[in-house]
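Next up: just one chain, as structure tokens, the form predicted on its own.
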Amino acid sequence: MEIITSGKLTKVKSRHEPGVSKQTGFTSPATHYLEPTIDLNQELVVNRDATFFVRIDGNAFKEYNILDRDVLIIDRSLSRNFDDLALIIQEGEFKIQRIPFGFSEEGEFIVWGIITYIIHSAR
């Protein structure tokens, strides 16, 4: 037996490979259904079990830029810090107030929760 050539074997270059079908023509007008929706709970809520949504009726809290039909996102698990905007209970009624410096729970009102977001109505 006689060896004519020697060396490393190479891959065949002219090998046939089946292709993957590619989309042709116009795009489907229904492709926006494939996009995921924005989940406000996922975007704005940190602690789901301690978060509440409250709709405001009237313009009584205009000084805090909270208007009629706005929605407040309130987290009851957050710690109270100076100047946080909070939903409080004072004399048996819910009110909105900034937490004053040196606030303690034994004062004249109870902090129900801290307002984390104000969603304004566009109408």
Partner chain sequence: MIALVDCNSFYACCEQVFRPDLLGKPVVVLSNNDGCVIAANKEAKALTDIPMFEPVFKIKDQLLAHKVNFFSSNYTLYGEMSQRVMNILGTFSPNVEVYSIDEAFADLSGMKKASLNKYGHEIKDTIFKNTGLPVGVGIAPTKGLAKLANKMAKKIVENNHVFVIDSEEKRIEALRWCKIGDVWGIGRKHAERLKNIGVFNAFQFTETPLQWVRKEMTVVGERTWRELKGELCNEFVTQPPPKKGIGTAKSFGIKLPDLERIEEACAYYISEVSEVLRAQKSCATYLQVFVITNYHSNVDEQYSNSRTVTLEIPTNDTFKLISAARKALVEIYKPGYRYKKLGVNLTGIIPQDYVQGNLFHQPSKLNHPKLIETFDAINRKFGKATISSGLVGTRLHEWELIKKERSPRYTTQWGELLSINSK
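Numbering follows the first chain given and starts at 1. Keep in mind it's a predicted model, so treat the numbers as computed, not measured.
Not on display, but discussed next: the form predicted together with the partner chain.
- Among Asn47, Ser28, Gln42, Asn81, the residue placing a heavy atom within 4.5 Å of the partner chain in the predicted bound form is Asn47.
- Within 4.5 Å of some heavy atom of the partner chain in the predicted bound form lies at least one heavy atom of Gly92.
- Within this chain, Tyr64 is remote from the site of the partner chain in the predicted bound form, having no heavy atom within 4.5 Å.
- In the predicted bound form, at least one heavy atom of Val54 sits within 4.5 Å of the partner chain.
- Within 4.5 Å of any heavy atom of the partner chain in the predicted bound form lies no heavy atom of Leu85.
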